[in-house]
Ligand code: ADE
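One chain comes next, on its own, written out as structure tokens in the form predicted alone.
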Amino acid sequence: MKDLIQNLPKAELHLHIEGTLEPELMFRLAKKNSIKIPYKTIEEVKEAYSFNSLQSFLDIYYAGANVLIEEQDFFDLTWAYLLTCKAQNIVHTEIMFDPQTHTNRGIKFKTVINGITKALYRAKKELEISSFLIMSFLRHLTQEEAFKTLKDAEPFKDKILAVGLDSSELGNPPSKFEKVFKEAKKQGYKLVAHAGEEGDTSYIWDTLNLLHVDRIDHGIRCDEDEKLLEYLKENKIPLTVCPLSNVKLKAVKSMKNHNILKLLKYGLHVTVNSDDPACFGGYLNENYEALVNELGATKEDIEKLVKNSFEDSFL
């Protein structure tokens, strides 16, 4: 099964590029850019990756992002992930990035996007990996700030395919961003949003009915509402599920409790993704392997999930 997972060409649809910052690169960039980080050793960073909630993870996530200053830093970050894609036979990836995490620190939007896209273009040419870029708004910030980011993106519109919504879900409902998503759709962007990871099924319904997204990121709490399950099935709404992340952030008690295979068997369009792999103990193949080892996923399950990853992509 491990060989099957390795050998199948795969697509990844839910990946935050800032969440691929491995401790080794974090230390190298911190030293290069003279940035103080609250860790003395790589081991300390790994110990800090013991999260008890989404918020405890986000606190470390934003602290780590402080080492990203120059265009080359964003290139190096993205290129390191793309080399992992090559090693794991990921042939297409749809990468999310959080410009506000950087522009709020005084880093220019163009510095961020140029560094990332130069790596993506090189990967297309040298590694034969295709990719799309998803610009995510931080939901703990205001809609006005999201509108500013949408404006900042205008000169780089040809580099961005979709708009997304991430960060702290609880207390930041989809309705908060209804107007900016309407404008993004008007501008021709595809739409995705995190929902139903921490938030209940009302967050998923509102993401569908108010934001009119093409795809739900996470969505694992959908099984708490029979009508929602039927709606997702009938309308073939993709869910980009991140198993190791869900366990690490305590959205699911353990991998044996994960509902991804139940959702698959119900007929939902679920996919496997790694979310923030540097923090959650595994990249894409490790997520697939966890489904085999902990949930008894079969060859047919793996092949169906891999097929879904392409069918539910924006290719």
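None of the values given here were measured: they were computed from a predicted structure. Position 1 is the first residue in the sequence shown; the rest follow in order.
Only in words, not in the display: the form predicted in complex with adenine, which the text now covers.
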So if I measure heavy atom distances to adenine in the predicted bound form, which of the stretches 56 to 64, 283 to 291, 264 to 272, 26 to 34 falls within 4.5 Å?
56 to 64
Is S245 one of the residues lying within 4.5 Å of adenine in the predicted bound form, judged by heavy atom distances?
yes
Given that the partner is absent here, does T103 sit within 4.5 Å of adenine in the predicted bound form, heavy atoms only?
no
Would you please decide whether L249 lies within 4.5 angstroms of adenine in the predicted bound form, comparing each non-hydrogen atom pair?
yes
Is there a heavy atom of H218 no more than 4.5 Å from a heavy atom of adenine in the predicted bound form?
yes
Can you tell me which residues in 161 to 176 come within 4.5 angstroms of adenine in the predicted bound form, by heavy atoms?
D166, S167
